[in-house]
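As a starting point, one isolated chain is supplied in structure tokens, in the form predicted alone.
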Amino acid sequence: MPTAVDSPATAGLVVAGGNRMGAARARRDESLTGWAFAAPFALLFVLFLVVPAVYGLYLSFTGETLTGANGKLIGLANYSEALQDPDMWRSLGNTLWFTLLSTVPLVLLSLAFALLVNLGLPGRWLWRLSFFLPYLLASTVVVLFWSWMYNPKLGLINGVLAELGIAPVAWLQDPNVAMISVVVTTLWWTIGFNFLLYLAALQNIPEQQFEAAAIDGAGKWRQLFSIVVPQLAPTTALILTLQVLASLKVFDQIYMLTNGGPAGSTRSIVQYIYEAGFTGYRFGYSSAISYLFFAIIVLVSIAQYKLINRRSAP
């Protein structure tokens, strides 16, 4: 006489239960494997990002100095002092001015260069290399090169101006032009990244769209504004977001080119934070400015995200 386990229905249930247990065990094994691969990164992320960030927030409420003295909690005194610090506001203004001056041409020029190269100019690989090569250089090399270019006596730019009968310009010593000089250096250095993003996006636009538009009688300018610009909208949004964030964090090229001068006309907020902590020896105060600046970046990012989403909404 067959037992309950031996009946076909019960046997099917046993097999189905075994399959479910096997699937659950496989999912658990996959999950453990995933955690094993992610664990080193998660550990480093916590050690080098989360812990310093939390400790920096704690320091912003203390009078901590470089020597470790005066580490007592002082509440919001550092934040109150920072909000009344004219040098902090001036450095923040310089940073916002640099962001405005650099972001617009870095978007428009990189798009223009990508459109030109995408037209099929002879030696296209050379154009790509020419635009992207500066981006591979270290900031110290870029600054050394442009320091020679901007040299008021021996620099190439003033040499060309002299040939044209124009008086030499103190590119890095005149407060009226020093920020422009930094922006030009930044354009030359970083435009290659945006250029490549735009060029890749252009090459993904189906050729059939241009052929259909041409059959309908659309000229090149019509195709540009009706096909290319709308198709590049996601790429433009990405470049705009990355560029604004990168410009807000500017430090190295300004620090090495002008050291924030002349007369503080190019000092960025990141350099001011660095000076407050490592020159003024006030870690607590520099931490407070860091978190105020972090709040501004978050607000700018949220505003930019909402603006881009509103424009891309149907």
Partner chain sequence: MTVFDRPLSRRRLLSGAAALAGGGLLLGCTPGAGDSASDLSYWHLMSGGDGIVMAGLVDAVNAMNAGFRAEQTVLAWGPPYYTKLAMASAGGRAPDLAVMHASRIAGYAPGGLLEPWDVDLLAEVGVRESDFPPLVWQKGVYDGKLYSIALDTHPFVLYYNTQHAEKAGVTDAIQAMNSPEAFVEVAAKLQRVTGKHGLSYGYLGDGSQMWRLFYTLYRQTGAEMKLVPGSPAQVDEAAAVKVLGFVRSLLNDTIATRSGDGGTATSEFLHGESGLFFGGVWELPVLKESKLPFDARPIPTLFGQQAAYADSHTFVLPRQSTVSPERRRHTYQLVAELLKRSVTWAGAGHIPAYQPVVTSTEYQQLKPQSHYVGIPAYVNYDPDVWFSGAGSDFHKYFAENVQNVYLGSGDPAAGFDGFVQRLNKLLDRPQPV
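Numbering follows the first chain given and starts at 1. Being a predicted model, the structure only gives us computed values, none of them experimental.
Form predicted in complex with the partner chain: not shown, discussed below.
Checked against the partner chain in the predicted bound form, the residues 118, 151, 209, 236 give one hit for a heavy atom within 4.5 Å, which is 151. Proximity of residue 173 to the partner chain in the predicted bound form: non-hydrogen atoms within 4.5 Å are present. Contact check for residue 306: no non-hydrogen atom falls within 4.5 Å of the partner chain in the predicted bound form. The closest non-hydrogen atom of residue 253 lies beyond 4.5 Å of the partner chain in the predicted bound form. Contact between residue 56 and the partner chain in the predicted bound form is not found at the 4.5 Å heavy atom cutoff. The stretch from 110-118, 185-193, 71-79, 84-92 that comes within 4.5 Å of the partner chain in the predicted bound form, counting heavy atoms only, is 84-92.
Along 258-287, residues 259, 262, 263, 264, 267, 271, 274, 275, 278, 279, 280, 281, 282, 283 each place a heavy atom within 4.5 Å of the partner chain in the predicted bound form.
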